[in-house]
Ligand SMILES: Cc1cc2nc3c(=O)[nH]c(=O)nc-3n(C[C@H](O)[C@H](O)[C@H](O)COP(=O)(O)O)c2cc1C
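Consider the single chain below, provided in structure tokens and representing the form predicted on its own.
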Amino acid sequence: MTPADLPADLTTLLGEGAHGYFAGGAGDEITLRDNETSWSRYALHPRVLVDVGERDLSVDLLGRRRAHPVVVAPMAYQKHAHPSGELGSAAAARATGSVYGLSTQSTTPPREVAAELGDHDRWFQLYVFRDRQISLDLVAEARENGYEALVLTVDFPVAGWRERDKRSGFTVEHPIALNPDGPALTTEELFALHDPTLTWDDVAQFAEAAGMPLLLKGILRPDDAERAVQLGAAGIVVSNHGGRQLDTALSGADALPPVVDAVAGRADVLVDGGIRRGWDVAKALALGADAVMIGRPVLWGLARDGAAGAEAVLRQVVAELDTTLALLGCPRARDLDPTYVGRAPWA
């Protein structure tokens, strides 16, 4: 299921508020658009006459072999996309062997998502709120329900300037983990709960509370990546929050190589933002990423057809990656390196 297969008017399907929340970005949405186009600034450099009769898409991530490098990105408020919400996208992740990331802003309790996933790989994404105990309680719930890693989002001291949400007044109508029994809240009310005082000094507290590998999500600078590694982070997620925070910020594709150089193999590096096709995944791995996170395409599949729609999107991206490996003359995904990619002459 490619974007062309989706309904022409997602606003009609989701409603103006929910569609604007999921599809929109910060400011003039320059970074939102550049996230996708940035991958096209790289051209693939295939080798020929290589035996690609068998391909291996597996990668090593957080010390374990994974079936392929696609991780379902944590995404908020999924019941606004489809009644199955996070249970639908989790079922799709399980069916396709994709690591599943659950958002702090889930409209399904973490324990219910864990039950849907069974023994399947799952990570928990954490926002830090002004009431730190709420965040610590969420970490404890994740640990008790078998989440394997904690993904601490570090690029959200305050919400970005999101004009679509301001126009629509989008309100979260479903209970979420931090407000399970409270009234419906606008996104601005929810965003006001985030703690703008979070610093590097606080990271160790959450790492200790987690009792599981810690990844820092939202890093674009190599010096920040270096500091994260020094603090013991097991992984870095190169991300500009899907273009939703700071407009005209660097794309994940362009930020990735310097971060990979700074990390120098001491932690895993993932990247998100604008990855839409299997060849984008291949480019990310060739530029040094260990895995990628994919968000909106999975959500659009969920919106169209629940778990089956999200699964179709994931299966297609993985199948495209398989074909790309064959045509690149690189039968193993984890063998992709910078020799397979370069700046495109048309960029």
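We number the residues from 1 along the sequence you see. No experiment lies behind these values; they were computed from the predicted model shown.
The same protein also exists as the form predicted in complex with the ligand; that form is not shown, yet it is the one meant from here on.
Colleague: Within 4.5 Å of the ligand in the predicted complex - does that hold for a heavy atom of every one of L57, R94 and Q316?
Modeller: Checking in the predicted complex: none of L57, R94 and Q316 is within 4.5 Å of the ligand.
Colleague: Counting only non-hydrogen atoms, which stretch in 71-79, 172-180, 204-212, 132-140 is within 4.5 Å of the ligand in the predicted complex?
Modeller: Of the stretches listed, the one contacting the partner is 71-79.
Colleague: Identify which of L321, L299, L285, A26 has a heavy atom within 4.5 Å of the ligand in the predicted complex; exactly one of them does.
Modeller: Only one option qualifies, and that one is L299.
Colleague: Is there a heavy atom of G309 no more than 4.5 Å from a heavy atom of the ligand in the predicted complex?
Modeller: Looking in the predicted complex, residue contacts with the ligand do not include G309, since no heavy atom lies within 4.5 Å.
Colleague: Is G235 close enough to the ligand in the predicted complex to count, meaning some heavy atom within 4.5 Å?
Modeller: Judged by the heavy-atom cut-off of 4.5 Å, G235 is well away from the ligand in the predicted complex.
Colleague: Is Y127 close enough to touch the ligand in the predicted complex, meaning at least one heavy atom pair within 4.5 Å?
Modeller: Judged by the heavy-atom cut-off of 4.5 Å, Y127 is in contact with the ligand in the predicted complex.
Colleague: Wondering, does R122 line up within 4.5 Å of the ligand in the predicted complex on heavy atoms?
Modeller: Although the ligand is absent here, R122 would stay clear of it in the predicted complex, with no heavy atoms inside 4.5 Å.
Colleague: Enumerate the residues of 231-262 that have a non-hydrogen atom within 4.5 Å of the ligand in the predicted complex, in sequence order, or give none.
Modeller: Residues within 4.5 Å: S239, H241, G242, R244.
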